[in-house]
Structure formats: C-alpha cells, structure tokens
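Take a look at this single chain in structure tokens; it is the form predicted alone.
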C-alpha cells in the first residue's frame, strides 16, 4: 500500500524551472508545474499570462529553452507534438484541430487508421468496420451522442464536435489530457456535457490539465487551481476552500498572494 501511495503521488508530468523568451519578451519565468494521476489541474490566468505558451512547451509545439520536463519521473525532451502523443499525452486545442469535412470515425482515427489484417492491410486497405466499432464504444463510454457516425463534423453542434475531439484525445491518451479552453463559445447544455467529460476522464485515472477563463467552470471540475500571472506561477488554490473572487484577485494581482512552488 505504501508503494502504491508513493506512485500515486509521483507526477505523471512535471515542469521544473521553465523559461521562455520571444525576442526581448520573457513569456515564462522559472515555471514549476506538477500533474498527478487522477486529478484535474486548472491552469488559469489573464490573456498573455503564458498558459498556452507553457502547454506548447510541455507538448513539443515550442522548443524548450531552459528548465526540465519530467515524464513519469524521467527527463524528456519533446521536439514535436507527435513525440508527446507517442508518450500518451493528448491535447484538445481551443480550435479543436478537427477535420470538419470528415466524419467522427475518420477524425478519431486520423493518422492512426486501422488496417485490415494480412496482405490487404499491407496494400493499404483500411479496416473500416473495426474503426467504426471502436468509435461507437469510445463515444458510448464517454456518453457522447452524435446524430450519426457518417455525418461530417461540420454538420454537428459545437458541443458534439467538442465531444468528438475529447473522445479522440481520451482514446489515445494513456497518461495526460490537456484541454485548452474546451468550453469557449459553447452553450449551457454543451458546456455541461464537456465538463462531465472532464470528470469522466479524471475518474479513469488519467489527469486533466484544464485551461479556462471561465471561473465557474473551473470551480466545478478542478481539484487544484494553478495561477499564472505575467509568465510566473503566483499561487496555487484549493477550490474547496477558496472562492472565484480569490482566483480573480490572484490573476489580476489585486490581492497579495504568497508565491509558492507548485509540487
């Protein structure tokens, strides 16, 4: 039991002393962030705080300038998002990064298509029935409802497209799911569905990094809240003992918070 507890407290993904410049502008300063199994870590901050920059560095979109990234306790260096995905880290971007003119099955398996066994697969023939079956199972598991798997995503609602994007990330993510503004521009019902998906992912043991400007949404799903301001981690909040007003104050600097190392 002691060993299991120790493993549970080892971060799946960890950033230590991350710095990033864009010319003369320092976007990140000595940023430390830890992501543990089975939790939702909300990363919040005003526009320009460095949230997307940090995520892009962690997932190989931007090169690591200085500092260390640890994955399962070992130093790693992702030179591309593909390398991060190979390790089981999936990102749901604000613009979803879906192919709107393809259907749900094609989107979920895009770049990871299942081929038929034997010589047919060697010749490039796809196993469409298997991909459809696995898509149906994944959407059912996450309770994502779409009007038809053959429908192009462009014909679906925003919440349904978001559901497909999340389902794709969860299907291939074995370690971490990162969601960048997943409820932006969604209606009330669609937002509720996405927040429910976040909880379901967490309950499978896969941690979620949840980036949002919507403080009520953050307080509904977060287990921890990490606040970035002007490229620095200024504090970490417990949503059970703090309020939305506390979070806004930390983001804007209107109330003094003690800067702490996030571990």
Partner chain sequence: MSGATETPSEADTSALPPRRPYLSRMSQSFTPVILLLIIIVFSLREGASFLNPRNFNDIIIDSSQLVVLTVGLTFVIITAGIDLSVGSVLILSSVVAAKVMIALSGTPQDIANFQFPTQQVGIPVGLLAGVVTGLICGVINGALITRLQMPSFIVTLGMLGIALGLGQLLSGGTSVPNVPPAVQSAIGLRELVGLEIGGQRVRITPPVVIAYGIALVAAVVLNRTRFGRYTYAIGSNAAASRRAGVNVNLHLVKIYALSGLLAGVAGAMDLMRFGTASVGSHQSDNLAAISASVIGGTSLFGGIGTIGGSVVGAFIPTVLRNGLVITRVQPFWQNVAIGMVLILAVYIDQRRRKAEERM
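Positions refer to the first chain, counted from 1. Only the largest set of C-alpha atoms that superpose within 1.5 Å between the two forms is called the rigid core. As the structure is a computational prediction, the values presented were derived from the model and not from experiment.
The next section is about a form of this same protein that is not shown, the form predicted together with the partner chain.
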Original post:
Quick one: of 87, 149, 76, 106, which gets a non-hydrogen atom within 4.5 angstroms of the partner chain in the predicted bound form?
Top reply: 106
**OP:** Work out which of 201, 226, 209, 194 lies within 4.5 Å of the partner chain in the predicted bound form, going by heavy atoms.
**Re:** 194
**OP:** State yes or no: in the predicted bound form, is some non-hydrogen atom of residue 189 no more than 4.5 angstroms from a non-hydrogen atom of the partner chain?
**Re:** yes
Original post:
Is residue 70 close enough to touch the partner chain in the predicted bound form, meaning at least one heavy atom pair within 4.5 Å?
Top reply: no
Original post:
Heavy atom to heavy atom, is residue 124 within 4.5 Å of the partner chain in the predicted bound form?
Top reply: yes
Subject >> Contact of residue 175 with the partner chain in the predicted bound form (heavy atom, 4.5 Å) >> reply: no
Original post:
So in the predicted bound form, are 111, 144 and 157 all sitting within 4.5 Å of the partner chain, heavy atoms only?
Top reply: yes
Original post:
Taking heavy atoms and a 4.5 Å limit, what residues of 97-117 are near the partner chain in the predicted bound form?
Top reply: 97, 98, 99, 100, 101, 102, 106, 110, 111, 113, 115
Original post:
Superposing on the rigid core, do we see a C-alpha displacement of 2 Å or more at residue 104 between this form and the one not shown?
Top reply: yes
**OP:** Could you check whether the CA atom of residue 177 moves 2 Å or more between this form and the one not shown, using the rigid core for the fit?
**Re:** no
Original post:
Is the CA-CA spacing of residue 203 and residue 158 tighter or wider in the predicted bound form than here, given a 3 Å or more change?
Top reply: farther
